[in-house]
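Given next, in structure tokens, is a single chain: the form predicted on its own.
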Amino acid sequence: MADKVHDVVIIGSGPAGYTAGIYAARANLKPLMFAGAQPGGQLTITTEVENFPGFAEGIQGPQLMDEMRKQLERFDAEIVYDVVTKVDLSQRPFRMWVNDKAYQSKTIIISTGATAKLLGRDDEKQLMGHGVSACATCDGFFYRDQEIIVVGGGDSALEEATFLTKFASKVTIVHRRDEFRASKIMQDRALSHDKIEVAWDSVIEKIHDPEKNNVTGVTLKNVKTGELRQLPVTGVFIAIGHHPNTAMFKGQLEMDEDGYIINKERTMTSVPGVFAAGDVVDKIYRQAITAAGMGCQAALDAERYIEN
């Protein structure tokens, strides 16, 4: 068992984790961060970020995360590039393990994020950030006057499709069933829009063209008839939901039915001394700037908790 008891341990990086680290380090709390399986989080698989304040010309997602990491390292913070495999929140100090190595901390800030559910296709993976996206609010602006598709049938898919009509000339919703799961109000809004069409009973057979390193179209397959058809689109938005990265906290922290951590007071979870920030809590906004803001709040909350 580790003897040292840290003031603050941050589990997960990304905008929430890095910002929490910067604030905790500047408060002289010497935070220890476990960067996780994907240091920098979802922004490391995006390309241009144009809506993060302070970058008038935009900035590449991986570069933005790199700048946040460098800023954190300026302030006496330790980053461990590994994955926490187990936590014990039942006693104080809290305990966590990276494989067999144990660590202890007075407070924990959880910023493990959420992962967009994807189709699991090779062409989708190859073209992610080059015409394939899992975030309409992040990338919709790049598809002005272009034809695009949105894959999904729930509220998030219809909401993204409706949002994308602000930019795209035409949005086709591709849904594998013959009716949506979305709420009635979202269905009415999408189905009545003159820019939106629906490809019912359809799935993506192929995304073109990985060899050109950008999306030039898709082949759709009708699951009932087997018929194939081509759509000449330049953007593919996957909107089949997210899953929060909270598996190791199940049974220890209060969560909603989707597995998102529920904060009780500001950023404090159901266990006093454990705080959560970013997409692990937030299923509504899911933006880099809102995650960073919550990371700041979590660090300030942790500092006050330690002082008291």
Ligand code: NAP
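Position 1 is the first residue in the sequence shown; the rest follow in order. Between two forms, the rigid core is defined as the largest C-alpha subset superposing within 1.5 Å. All values derive from a computational prediction rather than experimental measurement.
There is another form of the same protein, the form predicted in complex with the ligand; it is not shown, and what comes next is about it.
Only one listed stretch (133-141, 82-90, 180-188, 215-223) carries heavy atoms within 4.5 Å of the ligand in the model of the complex, and that stretch is 180-188. For the options Ser156, Gln104, Gln126, Thr162, the residue carrying a heavy atom within 4.5 angstroms of the ligand in the model of the complex is Ser156.
Put simply, of Arg95, Lys195, Arg176, His208 only one has a heavy atom within 4.5 Å of the ligand in the model of the complex, and it is Arg176. With respect to the ligand in the model of the complex, the three residues Ile108, Ile262 and Ile306 uniformly fall beyond 4.5 angstroms at the level of their nearest heavy atom. Shown alone here, Gly152 lies within 4.5 Å of the ligand in the model of the complex, counting heavy atoms only.
For the chain shown alone, Gly241 is a contact residue for the ligand in the model of the complex, at least one non-hydrogen atom being within 4.5 angstroms.
Among heavy atoms of Leu119, some come within 4.5 Å of the ligand in the model of the complex.
Contact annotation for Lys283: at least one heavy atom lies within 4.5 Å of the ligand in the model of the complex. With the core held fixed, the Cα of Ala161 is displaced between this form and the one not shown by 2 Å or more. After superposing the rigid core, the Cα of Ala114 is displaced by less than 2 Å between this form and the one not shown. Note: Gln63-Gly120 Cα separation is 3 Å or more longer in the model of the complex than here.
Annotation for the pair Tyr285/Ser183: C-alpha atoms approach each other in the model of the complex, by 3 Å or more compared with this form.
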